[in-house]
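A lone chain, given as C-alpha coordinates: the form predicted on its own.
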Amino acid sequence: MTVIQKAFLPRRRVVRAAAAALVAAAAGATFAGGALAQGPDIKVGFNTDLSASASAEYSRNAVLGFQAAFDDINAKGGLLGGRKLVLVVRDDLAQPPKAIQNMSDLIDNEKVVAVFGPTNSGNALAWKHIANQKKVPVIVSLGTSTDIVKPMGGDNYMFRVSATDREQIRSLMTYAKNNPKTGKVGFLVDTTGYGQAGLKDLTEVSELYGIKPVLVEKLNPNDTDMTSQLNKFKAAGVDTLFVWALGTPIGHVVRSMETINYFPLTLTSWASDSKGFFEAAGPKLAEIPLFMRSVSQDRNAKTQELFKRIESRMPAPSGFWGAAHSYDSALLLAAAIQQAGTTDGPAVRAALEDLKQPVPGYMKTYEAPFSKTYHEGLSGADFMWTRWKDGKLGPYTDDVIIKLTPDAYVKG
(Lines give C-alpha, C1' and ligand atoms only; values in the text may rest on other atoms or scores of the structure.)
Protein backbone atom coordinates (compact mmCIF):
# COMPACT_ATOMS: atom_id res chain seq x y z
CA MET A 1 0.00 0.00 0.00
CA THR A 2 1.39 3.39 -1.01
CA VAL A 3 1.73 6.35 1.34
CA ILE A 4 -1.05 8.14 -0.48
CA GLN A 5 -3.34 5.14 -0.17
CA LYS A 6 -2.74 4.99 3.57
CA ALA A 7 -3.51 8.67 3.83
CA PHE A 8 -6.77 8.14 1.94
CA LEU A 9 -8.11 5.14 3.90
CA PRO A 10 -11.88 5.58 4.38
CA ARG A 11 -12.91 7.16 7.65
CA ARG A 12 -16.64 7.36 7.12
CA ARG A 13 -17.50 6.29 10.66
CA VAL A 14 -15.74 9.31 12.12
CA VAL A 15 -16.58 11.92 9.49
CA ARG A 16 -19.63 13.27 11.27
CA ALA A 17 -17.91 13.16 14.65
CA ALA A 18 -14.93 15.01 13.21
CA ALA A 19 -17.24 17.55 11.60
CA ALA A 20 -19.08 18.07 14.86
CA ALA A 21 -15.79 18.57 16.66
CA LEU A 22 -14.73 21.16 14.09
CA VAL A 23 -17.99 23.03 14.48
CA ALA A 24 -17.77 22.96 18.26
CA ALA A 25 -14.14 24.04 18.28
CA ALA A 26 -14.72 26.86 15.82
CA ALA A 27 -17.90 28.08 17.46
CA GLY A 28 -16.29 28.22 20.87
CA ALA A 29 -12.80 29.22 19.86
CA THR A 30 -11.28 32.46 21.07
CA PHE A 31 -8.18 32.27 18.89
CA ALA A 32 -6.29 34.18 21.54
CA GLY A 33 -2.73 34.92 20.63
CA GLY A 34 -1.68 37.91 22.64
CA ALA A 35 -3.19 40.54 24.89
CA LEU A 36 -6.14 42.04 23.02
CA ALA A 37 -7.94 45.16 24.11
CA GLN A 38 -11.47 44.89 25.46
CA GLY A 39 -14.14 45.10 22.77
CA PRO A 40 -16.79 42.97 21.14
CA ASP A 41 -15.57 40.00 19.15
CA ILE A 42 -15.76 40.22 15.37
CA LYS A 43 -17.73 37.14 14.35
CA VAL A 44 -17.30 35.66 10.88
CA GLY A 45 -19.40 32.72 9.66
CA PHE A 46 -18.44 29.69 7.61
CA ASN A 47 -21.45 27.99 6.00
CA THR A 48 -20.45 24.77 4.24
CA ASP A 49 -20.75 21.00 4.05
CA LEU A 50 -18.59 19.36 6.71
CA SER A 51 -19.98 15.84 6.70
CA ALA A 52 -22.40 14.85 3.95
CA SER A 53 -20.64 14.78 0.56
CA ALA A 54 -17.26 13.92 -0.90
CA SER A 55 -16.50 17.64 -0.94
CA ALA A 56 -16.61 17.84 2.85
CA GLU A 57 -12.89 17.06 3.05
CA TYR A 58 -12.17 20.44 1.45
CA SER A 59 -14.39 22.22 4.00
CA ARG A 60 -12.60 20.60 6.92
CA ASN A 61 -9.27 21.69 5.47
CA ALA A 62 -10.72 25.17 5.03
CA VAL A 63 -11.63 25.38 8.73
CA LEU A 64 -7.96 24.74 9.55
CA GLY A 65 -6.90 27.52 7.20
CA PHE A 66 -9.35 30.03 8.65
CA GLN A 67 -8.38 29.12 12.21
CA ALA A 68 -4.68 29.49 11.44
CA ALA A 69 -5.26 32.93 9.91
CA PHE A 70 -7.43 34.07 12.82
CA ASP A 71 -4.78 32.84 15.25
CA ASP A 72 -2.13 34.88 13.46
CA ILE A 73 -4.26 38.02 13.18
CA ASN A 74 -5.27 37.89 16.83
CA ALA A 75 -1.68 37.22 17.92
CA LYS A 76 -0.70 40.49 16.25
CA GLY A 77 -3.32 42.47 18.12
CA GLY A 78 -6.56 41.71 16.33
CA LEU A 79 -8.47 44.32 14.35
CA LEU A 80 -9.87 47.80 14.98
CA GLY A 81 -7.91 48.49 18.13
CA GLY A 82 -7.67 44.97 19.50
CA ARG A 83 -10.96 43.27 18.69
CA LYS A 84 -10.71 39.50 18.36
CA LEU A 85 -11.76 37.52 15.27
CA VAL A 86 -13.97 34.51 16.03
CA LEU A 87 -15.10 31.88 13.53
CA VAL A 88 -18.68 30.55 13.72
CA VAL A 89 -19.17 27.37 11.67
CA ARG A 90 -22.37 25.78 10.39
CA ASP A 91 -22.66 22.43 8.56
CA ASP A 92 -25.05 22.73 5.61
CA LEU A 93 -25.11 18.94 5.01
CA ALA A 94 -24.71 19.64 1.25
CA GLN A 95 -28.42 20.59 1.18
CA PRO A 96 -29.54 23.98 -0.22
CA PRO A 97 -32.48 24.36 2.24
CA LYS A 98 -30.15 23.75 5.18
CA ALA A 99 -27.58 26.14 3.70
CA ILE A 100 -30.25 28.86 3.42
CA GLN A 101 -31.32 28.24 7.02
CA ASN A 102 -27.70 28.46 8.19
CA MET A 103 -27.20 31.74 6.36
CA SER A 104 -30.16 33.33 8.10
CA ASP A 105 -29.00 31.96 11.45
CA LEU A 106 -25.47 33.29 11.03
CA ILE A 107 -26.58 36.77 9.98
CA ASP A 108 -29.69 37.28 12.11
CA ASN A 109 -28.83 35.35 15.28
CA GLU A 110 -25.03 35.16 15.42
CA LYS A 111 -24.66 38.68 13.99
CA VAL A 112 -21.65 37.75 11.87
CA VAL A 113 -20.09 40.63 9.92
CA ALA A 114 -19.11 38.44 6.96
CA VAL A 115 -19.39 34.84 5.77
CA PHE A 116 -16.94 32.35 4.23
CA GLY A 117 -17.94 29.38 2.13
CA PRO A 118 -19.18 27.10 0.80
CA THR A 119 -17.81 23.98 -0.89
CA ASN A 120 -20.91 23.10 -2.90
CA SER A 121 -21.59 25.68 -5.60
CA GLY A 122 -25.29 24.88 -5.71
CA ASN A 123 -25.65 25.94 -2.09
CA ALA A 124 -23.92 29.27 -2.68
CA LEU A 125 -26.23 29.92 -5.61
CA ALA A 126 -29.20 29.11 -3.36
CA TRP A 127 -28.35 31.71 -0.71
CA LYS A 128 -26.30 34.41 -2.44
CA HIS A 129 -29.39 36.64 -2.61
CA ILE A 130 -29.49 36.70 1.21
CA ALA A 131 -25.97 38.13 1.42
CA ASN A 132 -26.80 40.80 -1.16
CA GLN A 133 -30.12 41.71 0.43
CA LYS A 134 -28.68 41.96 3.95
CA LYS A 135 -25.44 43.60 2.78
CA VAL A 136 -23.12 41.01 4.35
CA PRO A 137 -19.83 40.43 2.48
CA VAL A 138 -19.06 36.84 1.47
CA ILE A 139 -15.69 35.46 0.39
CA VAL A 140 -15.99 32.02 -1.21
CA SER A 141 -12.74 30.08 -0.82
CA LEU A 142 -13.95 26.71 -2.18
CA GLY A 143 -16.93 26.79 -4.55
CA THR A 144 -16.09 27.30 -8.21
CA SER A 145 -19.34 27.88 -10.13
CA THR A 146 -18.92 30.91 -12.38
CA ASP A 147 -22.31 32.37 -11.43
CA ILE A 148 -21.52 32.59 -7.70
CA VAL A 149 -19.96 36.04 -7.95
CA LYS A 150 -22.07 37.37 -10.80
CA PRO A 151 -23.99 40.49 -9.70
CA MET A 152 -27.74 40.24 -9.13
CA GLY A 153 -28.46 43.95 -9.50
CA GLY A 154 -27.20 46.64 -7.17
CA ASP A 155 -24.05 46.22 -5.13
CA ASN A 156 -22.47 42.76 -5.25
CA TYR A 157 -21.45 41.28 -1.90
CA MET A 158 -20.09 38.00 -3.29
CA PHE A 159 -16.29 37.66 -3.67
CA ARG A 160 -14.11 34.63 -4.32
CA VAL A 161 -10.58 33.29 -3.80
CA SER A 162 -10.88 30.00 -5.67
CA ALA A 163 -10.61 28.52 -9.16
CA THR A 164 -13.66 29.46 -11.20
CA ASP A 165 -15.12 26.79 -13.44
CA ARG A 166 -15.04 29.06 -16.47
CA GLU A 167 -11.29 29.74 -16.15
CA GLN A 168 -10.58 26.02 -15.70
CA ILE A 169 -12.77 25.16 -18.69
CA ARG A 170 -11.19 27.86 -20.84
CA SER A 171 -7.75 26.34 -20.22
CA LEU A 172 -8.96 22.78 -20.89
CA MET A 173 -10.80 23.87 -24.03
CA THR A 174 -7.64 25.64 -25.25
CA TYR A 175 -5.74 22.39 -24.75
CA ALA A 176 -8.33 20.41 -26.71
CA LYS A 177 -8.47 22.98 -29.51
CA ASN A 178 -4.70 22.88 -29.97
CA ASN A 179 -4.32 19.11 -29.59
CA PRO A 180 -3.96 17.44 -33.02
CA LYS A 181 -5.43 14.25 -31.54
CA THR A 182 -8.76 15.93 -30.73
CA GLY A 183 -11.49 15.03 -33.18
CA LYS A 184 -14.93 14.46 -31.70
CA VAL A 185 -15.75 16.00 -28.32
CA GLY A 186 -18.29 14.90 -25.70
CA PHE A 187 -19.53 16.37 -22.40
CA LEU A 188 -20.37 14.24 -19.34
CA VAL A 189 -21.68 16.14 -16.31
CA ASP A 190 -23.30 15.22 -13.02
CA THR A 191 -26.78 16.33 -12.02
CA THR A 192 -25.69 18.45 -9.04
CA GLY A 193 -25.75 22.25 -9.16
CA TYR A 194 -22.00 22.03 -9.68
CA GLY A 195 -22.28 19.79 -12.72
CA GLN A 196 -25.12 21.74 -14.30
CA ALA A 197 -23.34 25.07 -13.85
CA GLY A 198 -20.28 23.44 -15.39
CA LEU A 199 -22.35 22.33 -18.39
CA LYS A 200 -23.44 25.93 -18.94
CA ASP A 201 -19.80 27.05 -18.99
CA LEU A 202 -18.74 24.12 -21.18
CA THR A 203 -21.44 24.99 -23.69
CA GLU A 204 -20.65 28.70 -23.80
CA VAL A 205 -16.86 28.33 -23.92
CA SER A 206 -16.95 25.58 -26.54
CA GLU A 207 -18.97 27.90 -28.80
CA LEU A 208 -16.26 30.56 -28.43
CA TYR A 209 -13.69 27.99 -29.57
CA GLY A 210 -15.79 26.71 -32.45
CA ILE A 211 -16.08 23.29 -30.81
CA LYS A 212 -19.42 21.47 -30.95
CA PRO A 213 -19.90 18.38 -28.78
CA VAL A 214 -21.32 15.42 -30.65
CA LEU A 215 -22.94 14.10 -27.48
CA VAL A 216 -23.88 15.40 -24.00
CA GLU A 217 -24.68 12.92 -21.22
CA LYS A 218 -25.47 13.21 -17.51
CA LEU A 219 -24.68 11.03 -14.51
CA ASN A 220 -26.12 10.75 -11.04
CA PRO A 221 -23.41 11.49 -8.44
CA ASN A 222 -24.44 8.40 -6.47
CA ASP A 223 -24.09 6.02 -9.42
CA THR A 224 -21.06 3.75 -9.63
CA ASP A 225 -21.55 2.30 -13.13
CA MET A 226 -21.17 4.78 -16.00
CA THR A 227 -20.77 2.19 -18.78
CA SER A 228 -24.11 3.12 -20.37
CA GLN A 229 -23.06 6.73 -20.95
CA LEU A 230 -19.52 5.77 -21.97
CA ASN A 231 -20.75 3.23 -24.51
CA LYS A 232 -22.72 6.02 -26.19
CA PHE A 233 -19.60 8.19 -26.38
CA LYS A 234 -17.60 5.25 -27.72
CA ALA A 235 -20.19 4.51 -30.40
CA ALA A 236 -20.24 8.19 -31.40
CA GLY A 237 -16.45 8.16 -31.89
CA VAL A 238 -15.74 10.65 -29.09
CA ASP A 239 -11.97 10.85 -28.54
CA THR A 240 -11.94 13.83 -26.16
CA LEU A 241 -14.26 13.76 -23.14
CA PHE A 242 -14.90 16.66 -20.76
CA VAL A 243 -16.16 15.42 -17.37
CA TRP A 244 -17.58 17.99 -14.95
CA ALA A 245 -18.60 16.30 -11.71
CA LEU A 246 -17.68 15.77 -8.07
CA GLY A 247 -14.57 13.74 -7.33
CA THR A 248 -16.06 10.34 -6.44
CA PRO A 249 -18.23 10.02 -9.56
CA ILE A 250 -15.26 11.00 -11.75
CA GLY A 251 -13.45 8.07 -10.14
CA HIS A 252 -16.30 5.77 -11.12
CA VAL A 253 -16.20 7.16 -14.66
CA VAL A 254 -12.59 6.08 -15.16
CA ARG A 255 -13.38 2.71 -13.54
CA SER A 256 -16.14 2.26 -16.09
CA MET A 257 -13.72 3.21 -18.88
CA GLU A 258 -11.62 0.22 -17.91
CA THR A 259 -14.69 -2.02 -17.95
CA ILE A 260 -15.42 -1.31 -21.63
CA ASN A 261 -11.79 -0.69 -22.66
CA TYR A 262 -12.49 2.88 -23.76
CA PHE A 263 -9.93 5.54 -22.84
CA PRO A 264 -10.54 8.90 -24.52
CA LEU A 265 -8.51 11.98 -23.64
CA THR A 266 -10.23 12.92 -20.38
CA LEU A 267 -10.31 16.55 -19.24
CA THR A 268 -12.00 17.13 -15.88
CA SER A 269 -12.82 19.55 -13.13
CA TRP A 270 -10.25 19.89 -10.40
CA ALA A 271 -12.39 17.62 -8.21
CA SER A 272 -10.13 14.88 -9.60
CA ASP A 273 -7.58 15.89 -6.97
CA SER A 274 -9.84 14.67 -4.14
CA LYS A 275 -9.58 11.70 -1.84
CA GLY A 276 -12.98 10.52 -3.08
CA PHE A 277 -11.72 10.43 -6.66
CA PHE A 278 -8.50 8.59 -5.78
CA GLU A 279 -10.31 5.98 -3.70
CA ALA A 280 -12.90 5.33 -6.43
CA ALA A 281 -10.40 5.26 -9.30
CA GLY A 282 -7.45 3.50 -7.70
CA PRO A 283 -3.78 4.50 -8.22
CA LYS A 284 -3.44 3.46 -11.87
CA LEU A 285 -6.72 4.72 -13.29
CA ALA A 286 -6.32 7.95 -11.31
CA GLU A 287 -3.64 8.87 -13.85
CA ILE A 288 -6.16 9.20 -16.71
CA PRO A 289 -7.66 12.71 -16.18
CA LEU A 290 -5.89 15.98 -16.88
CA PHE A 291 -7.12 18.96 -14.87
CA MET A 292 -6.22 22.36 -13.46
CA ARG A 293 -5.17 23.06 -9.88
CA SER A 294 -4.19 26.12 -7.85
CA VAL A 295 -1.67 24.48 -5.50
CA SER A 296 1.16 22.22 -6.60
CA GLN A 297 2.33 19.21 -4.65
CA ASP A 298 5.75 20.83 -5.04
CA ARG A 299 5.15 23.46 -2.38
CA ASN A 300 7.51 26.40 -1.94
CA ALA A 301 8.97 27.26 1.45
CA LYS A 302 6.09 29.56 2.31
CA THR A 303 3.25 27.19 1.50
CA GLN A 304 5.16 24.34 3.12
CA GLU A 305 5.11 26.34 6.35
CA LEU A 306 1.31 26.33 6.43
CA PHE A 307 1.15 22.69 5.27
CA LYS A 308 3.37 21.47 8.11
CA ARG A 309 1.44 23.57 10.61
CA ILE A 310 -1.86 21.82 9.87
CA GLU A 311 -0.72 18.54 8.28
CA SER A 312 -1.61 16.26 11.18
CA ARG A 313 -5.19 17.57 11.26
CA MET A 314 -5.99 17.59 7.53
CA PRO A 315 -8.46 14.88 6.48
CA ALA A 316 -6.95 14.85 2.98
CA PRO A 317 -3.54 16.37 2.22
CA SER A 318 -4.41 16.53 -1.49
CA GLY A 319 -7.03 19.13 -0.56
CA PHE A 320 -4.50 21.44 1.06
CA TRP A 321 -5.54 24.10 -1.43
CA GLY A 322 -8.75 24.51 0.60
CA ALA A 323 -6.69 25.61 3.60
CA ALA A 324 -4.45 27.90 1.54
CA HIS A 325 -7.39 29.60 -0.20
CA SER A 326 -9.14 30.03 3.14
CA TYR A 327 -6.13 31.47 4.92
CA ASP A 328 -5.77 34.06 2.17
CA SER A 329 -9.51 34.82 2.21
CA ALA A 330 -9.27 35.58 5.91
CA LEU A 331 -6.33 37.93 5.33
CA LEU A 332 -8.22 39.80 2.60
CA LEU A 333 -11.29 40.20 4.79
CA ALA A 334 -9.15 41.41 7.70
CA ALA A 335 -7.39 43.94 5.45
CA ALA A 336 -10.76 45.26 4.25
CA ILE A 337 -12.13 45.61 7.80
CA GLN A 338 -8.99 47.39 8.93
CA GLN A 339 -9.03 49.72 5.91
CA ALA A 340 -12.74 50.47 6.35
CA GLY A 341 -12.26 51.16 10.06
CA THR A 342 -15.54 49.39 10.73
CA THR A 343 -17.33 46.06 10.33
CA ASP A 344 -20.26 47.71 8.56
CA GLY A 345 -21.11 45.56 5.54
CA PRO A 346 -21.27 48.22 2.80
CA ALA A 347 -18.02 49.79 4.01
CA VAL A 348 -16.22 46.42 4.07
CA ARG A 349 -17.53 45.58 0.60
CA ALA A 350 -16.29 48.93 -0.72
CA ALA A 351 -12.89 48.33 0.89
CA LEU A 352 -12.60 44.87 -0.69
CA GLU A 353 -13.27 46.48 -4.07
CA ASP A 354 -10.50 49.02 -3.50
CA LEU A 355 -7.82 47.53 -1.26
CA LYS A 356 -5.06 50.13 -0.90
CA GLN A 357 -2.25 47.90 0.40
CA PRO A 358 -0.91 44.60 -1.00
CA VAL A 359 -1.92 41.52 1.00
CA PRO A 360 0.82 38.85 1.09
CA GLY A 361 -0.93 35.48 1.14
CA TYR A 362 0.05 31.86 0.66
CA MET A 363 -1.32 31.66 -2.88
CA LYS A 364 0.23 34.95 -3.98
CA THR A 365 0.51 38.60 -3.01
CA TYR A 366 -2.83 40.23 -3.76
CA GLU A 367 -2.50 43.71 -5.20
CA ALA A 368 -5.95 45.28 -5.57
CA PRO A 369 -7.39 41.85 -6.50
CA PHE A 370 -11.00 43.04 -6.61
CA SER A 371 -12.77 45.99 -8.20
CA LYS A 372 -16.33 47.24 -8.44
CA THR A 373 -16.94 44.95 -11.43
CA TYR A 374 -14.45 42.12 -10.81
CA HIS A 375 -14.72 39.94 -7.69
CA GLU A 376 -12.32 37.07 -8.50
CA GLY A 377 -9.14 36.86 -6.40
CA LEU A 378 -7.53 34.18 -8.58
CA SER A 379 -7.40 33.91 -12.37
CA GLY A 380 -6.31 31.34 -14.94
CA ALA A 381 -2.75 32.60 -14.59
CA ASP A 382 -2.74 31.26 -11.02
CA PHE A 383 -3.65 27.68 -12.03
CA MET A 384 -1.42 24.83 -13.16
CA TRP A 385 -1.81 21.67 -15.24
CA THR A 386 -2.02 18.65 -12.98
CA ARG A 387 -2.13 14.86 -13.18
CA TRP A 388 -1.80 11.96 -10.75
CA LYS A 389 1.40 9.93 -11.14
CA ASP A 390 2.50 7.05 -8.90
CA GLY A 391 -0.04 8.01 -6.23
CA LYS A 392 1.02 11.65 -6.11
CA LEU A 393 -0.37 14.87 -7.51
CA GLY A 394 2.13 16.74 -9.62
CA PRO A 395 2.52 19.35 -12.34
CA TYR A 396 2.03 18.08 -15.88
CA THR A 397 3.27 19.23 -19.26
CA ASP A 398 3.44 17.90 -22.80
CA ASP A 399 4.07 19.19 -26.32
CA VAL A 400 0.61 20.76 -26.53
CA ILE A 401 0.98 22.70 -23.27
CA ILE A 402 4.52 23.83 -24.11
CA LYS A 403 3.30 25.40 -27.36
CA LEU A 404 0.32 27.23 -25.83
CA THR A 405 0.65 31.01 -25.93
CA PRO A 406 -1.53 33.69 -24.32
CA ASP A 407 -3.11 34.31 -27.73
CA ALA A 408 -4.43 30.73 -27.76
CA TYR A 409 -6.88 31.51 -24.95
CA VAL A 410 -10.11 32.92 -26.36
CA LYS A 411 -11.66 35.69 -24.28
CA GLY A 412 -15.27 35.75 -23.26
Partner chain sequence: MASAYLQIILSGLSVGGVYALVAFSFSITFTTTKTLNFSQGEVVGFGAFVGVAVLSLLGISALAAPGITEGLGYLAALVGAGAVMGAVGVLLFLLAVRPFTGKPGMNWVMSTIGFGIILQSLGLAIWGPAPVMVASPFGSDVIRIGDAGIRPQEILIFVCVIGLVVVLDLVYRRTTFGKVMRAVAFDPDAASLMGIDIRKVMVLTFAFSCALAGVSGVLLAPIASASLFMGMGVALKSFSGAMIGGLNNPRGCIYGGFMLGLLETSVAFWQAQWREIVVFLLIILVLAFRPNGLFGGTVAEKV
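Positions refer to the first chain, counted from 1. What you are looking at is a predicted structure, and each value in this text was computed from that prediction instead of being measured. We call the rigid core the largest set of C-alpha positions that still match within 1.5 Å between the two forms.
What comes next is about the form predicted together with the partner chain, which is not displayed.
Undergrad: Pick from 127 to 135, 252 to 260, 85 to 93, 322 to 330: which stretch has a heavy atom within 4.5 Å of the partner chain in the predicted complex?
TA: So the stretch in question is 252 to 260.
Undergrad: With the partner left out here, check for me: in the predicted complex, does some heavy atom of residue 224 sit within 4.5 Å of the partner chain?
TA: Close contact exists here: in the predicted complex, residue 224 approaches the partner chain to within 4.5 Å, heavy atoms only.
Undergrad: At 4.5 Å between heavy atoms, is residue 214 in contact with the partner chain in the predicted complex?
TA: Contact check for residue 214: no, nothing within 4.5 Å of the partner chain in the predicted complex.
Undergrad: Heavy atom to heavy atom, is residue 218 within 4.5 Å of the partner chain in the predicted complex?
TA: Judged by the heavy-atom cut-off of 4.5 Å, residue 218 is in contact with the partner chain in the predicted complex.
Undergrad: Since only the chain is shown here, I'm wondering whether residue 234 would be in contact with the partner chain in the predicted complex (any heavy atom pair within 4.5 Å).
TA: Answer yes; at least one heavy atom of residue 234 falls within 4.5 Å of the partner chain in the predicted complex.
Undergrad: So the partner chain isn't shown here. In the predicted complex, which residue out of 179, 229, 303, 266 has a non-hydrogen atom within 4.5 Å of it?
TA: By the 4.5 Å heavy-atom cutoff, the listed residue in contact is 229.
Undergrad: Quick one: from 279, 239, 72, 147, grab the residue that has a heavy atom within 4.5 Å of the partner chain in the predicted complex.
TA: Going through each option in turn, the one that passes is 279.
Undergrad: Following rigid core alignment, is the displacement of the residue 342 C-alpha between this form and the one not shown equal to or greater than 2 angstroms?
TA: No: residue 342 shifts by under 2 Å between this form and the one not shown.
Undergrad: If you line up the core, does residue 217 shift 2 angstroms or more at its C-alpha between this form and the one not shown?
TA: The answer is yes; the displacement is at least 2 Å.
Undergrad: Relative to the superposed rigid core, does residue 135 relocate between this form and the one not shown - that is, does its Cα move 2 Å or more?
TA: Residue 135: C-alpha displaced by less than 2 Å between this form and the one not shown.
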